[in-house]
Ligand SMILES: Cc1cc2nc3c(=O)[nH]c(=O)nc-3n(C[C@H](O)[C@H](O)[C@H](O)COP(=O)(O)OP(=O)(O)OC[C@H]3O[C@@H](n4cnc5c(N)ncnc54)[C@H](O)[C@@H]3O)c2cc1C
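Just one chain is shown here, as structure tokens, and it is the form predicted alone.
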Amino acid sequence: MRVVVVGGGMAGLVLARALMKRGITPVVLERAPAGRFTEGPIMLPFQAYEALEDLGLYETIRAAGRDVAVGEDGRPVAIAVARQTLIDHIAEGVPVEHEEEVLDLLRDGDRVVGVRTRGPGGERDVPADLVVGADGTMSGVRELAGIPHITRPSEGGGLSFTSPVVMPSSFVMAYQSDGRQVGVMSWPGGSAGWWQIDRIGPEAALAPGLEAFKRSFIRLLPPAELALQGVTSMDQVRYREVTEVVSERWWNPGVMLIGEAAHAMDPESGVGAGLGFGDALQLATSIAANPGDPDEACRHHEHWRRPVVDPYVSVGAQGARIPQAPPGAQRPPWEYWPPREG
């Protein structure tokens, strides 16, 4: 089966590696230039482990990162690791065509039969039995395919920081009165913290300045003080707002969505990357089981994958929250950002 993977991020690379292991070498198209460095860490959840094991990378990635909350079975709930380290290991041996922008989907009647792309060599048509959109929350493949979906802003916003200081613990977190999180994780290259706040926009979020941010963060999570010693500029602090995606279905004839192109959630839920890895492995398995029938491969994939993904999507970030105050209780002033008196 001729497979074109649009998107050379983690989910697309996992799919490509898993297909290659099964004797199918896809065409991987990535809009970004080669050599782009992805900063910061990722807390890779246990939902990604099956895919890593399939690729023979679980122990390698675990050795490159730090365990988070090792269970009785000796396996961590998550692995804190540098994003670029993870990407480099997954991408090893995968041919990726960079600086390729997908302009349109090729069609034969109602079926997608390839992509039209523009790259360093100009425009060209790339035929395919199956086009896979692994191109993220704002998926161009999803839009071109006309796959029904809902995009919506996540309930809140988030402040985060990165620091070169490696913490003694790989992970520390606390819940605010309404259940939203404030935490720090640490990987071999440093630390990163996050604080779930109201959706206030970047200008208001960054206006109070570095010292106010550090004081407020430490008040909520005192163990973060060590990591914050390495934060010396507001350039190390980021505000983000997230767009969530819910798709009524994941495929049309000749085209399939995986990862955040199909289902994107607030990072507060802590499972997004793991679900993308799982999507990639299941789709590779479904394609290998139906090498001459892309529609049956898509049906097979969605049949087995929906029951895994849908509960996470339906609960969303709310499922990760453990409120520390009774319903309707007023939040204390120090949980608000920008700072309030009190």
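Owing to the predicted nature of the structure, the values given are computational and were not obtained by experimental measurement. All residue numbers refer to positions in the sequence shown, first residue = 1.
Keep in mind that the form predicted together with this ligand is missing from the display, and what follows is about it.
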Would you check whether this ligand, in the predicted complex, lies within 4.5 angstroms of a non-hydrogen atom from each of G190, K214 and E335? no
In the predicted complex, segment of 52-60, 310-318, 24-32, 296-304 with a heavy atom within 4.5 Å of this ligand: 24-32
Decide whether R152 counts as a contact residue for this ligand in the predicted complex under a heavy atom distance cut-off of 4.5 Å. no
With the cut-off set at 4.5 Å between non-hydrogen atoms, does M256 touch this ligand in the predicted complex? no
Close approach of A18 to this ligand in the predicted complex, 4.5 Å, heavy atom: no
Decide whether A134 counts as a contact residue for this ligand in the predicted complex under a heavy atom distance cut-off of 4.5 Å. yes
Going by this ligand in the predicted complex, which residues of 271-304 come within 4.5 Å of it through any heavy atom? V271, G272, A273, G274
